[in-house]
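In structure tokens, one chain follows: the form predicted alone.
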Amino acid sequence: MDWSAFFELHKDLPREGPGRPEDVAWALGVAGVKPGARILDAGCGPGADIQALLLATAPGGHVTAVDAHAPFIEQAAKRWGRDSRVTLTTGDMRAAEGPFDVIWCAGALYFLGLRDGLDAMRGKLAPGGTLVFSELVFRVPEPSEPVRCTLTKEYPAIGTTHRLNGIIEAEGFEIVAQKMLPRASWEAYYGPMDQRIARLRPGADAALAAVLDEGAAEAALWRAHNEEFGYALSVLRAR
């Protein structure tokens, strides 16, 4: 992977994975999160979910948004850098100082490893706090060869929702609610990516062209096989 080319594709995208404000509202609504909550946006990317997190916990909510990739924090700062309700930090999400009433982690917990990530986040929750995260899973016991080969190469630890829930419960969490992200949440990510790919195609060098091809192939795989895999959005409380 040419990371310079990768971030050339991703640097102007509004978000770094599937999701919509409606997903935030659903998760925090079913969890009964109260106004004024202290929130950690762990692996926040360019800050796509910050507004929805603030709305769900207004008045008085505060978001600490952390991402390891400095350019993503720079993107988030263009919108939120002067807002006293938001603290933006470049670094490891495990270093964020809690406690937090809500931890929101959209498609990023896997960077830590699922078990280690759950353990790290549990230690940052205030009593009665809520952890919400999305995790890529197989939706069927035996996915087709294109899906299985592609996704296990990208994420060797991927498993079924049943496996995910077993790990969640073994790590000491109660599942308050869970749902698969709908098609609209995926298109909120892939639609802007399609447009970005089209803009970058003319004049792209070999490294960038390869990354654009990978991005297009990723979107095509999901559109062709979305009944076989997706993101499970889980709302948890520590037992």
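Note that residue numbering begins at 1 and tracks the sequence as displayed. As the structure is a computational prediction, the values presented were derived from the model and not from experiment.
Below, we turn to the form predicted in complex with a small molecule, even though it does not appear here.
Novice: Pick the stretch from 78 to 86, 165 to 173, 145 to 153, 111 to 119 whose residues have a heavy atom within 4.5 Å of the small molecule in the predicted bound form.
Specialist: Stretch 111 to 119 is the one.
Novice: Applying a 4.5 Å heavy atom distance criterion, does residue 131 contact the small molecule in the predicted bound form?
Specialist: Residue-level check for residue 131: no, no contact with the small molecule.
Novice: I'd like to know whether residue 99 contacts the small molecule in the predicted bound form, with contact meaning heavy atoms within 4.5 angstroms.
Specialist: So residue 99 does not count as contacting the small molecule.
Novice: Does residue 74 make contact with the small molecule in the predicted bound form, using a 4.5 Å heavy atom cut-off?
Specialist: It does not: once the small molecule is placed as it appears in the predicted bound form, residue 74 has no heavy atom within 4.5 Å of it.
Novice: Given that the partner is absent here, does residue 23 sit within 4.5 Å of the small molecule in the predicted bound form, heavy atoms only?
Specialist: Flag for residue 23 set to no.
Novice: Even though the small molecule is not shown here, does it sit in the predicted bound form so that 49, 68 and 94 each have a heavy atom within 4.5 Å?
Specialist: Yes, the whole trio is in contact, each within 4.5 Å by some heavy atom.
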